[in-house]
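Only one chain is shown below, in structure tokens, and it's the form predicted alone.
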């Protein structure tokens, strides 16, 4: 069974990361969601990544704030794609998390999305785009979603636009 694995460094990240889960559910994409910290529970993180790969995880999403090493640790444990979601908080309101997620050493890539809710949602879409490389049905669903989004922009405009 193929699925997306969502890891969060803290339970406090759940409200934001549940947005990624909602998107995956909308598209009927299987996922797991766990709390595991790169710092407070490193052995749990190592064991989880290994077991998730064995069960069929194809993409990992890792969300963390402040020092934000979860995505980097996950990337060090797998050759599967890893998407990092920097979380708001701390002295720099998420900028520190974003910088430590995006600034990975050469050869240890982590795809980094926006801070917070937008990043959570985009992480789900990016994970599905990766899966859609080999899943035509999912690719079509994503294309249909894009068409609906474009139509929504047009209908929203008709409600407010004024042209000369």
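Since this is a predicted model, take the numbers as computed values, not measurements. Numbering follows the first chain given and starts at 1.
The discussion below concerns the form predicted in complex with a small molecule, not included here.
Although the partner is absent here, residue 132 sits far enough away that none of its heavy atoms falls within 4.5 Å of the small molecule in the predicted complex. Taking the partner from elsewhere, residue 66 is found to have a heavy atom lying within 4.5 Å of the small molecule in the predicted complex.
Interface residue remark: residue 12 is counted as part of the site for the small molecule in the predicted complex, having a heavy atom within 4.5 Å. Of the heavy atoms in residue 40, some are within 4.5 Å of the small molecule in the predicted complex. Just one listed stretch, out of 58 to 66, 43 to 51, 121 to 129, 100 to 108, contacts the small molecule in the predicted complex at the 4.5 Å heavy atom level, and that stretch is 58 to 66.
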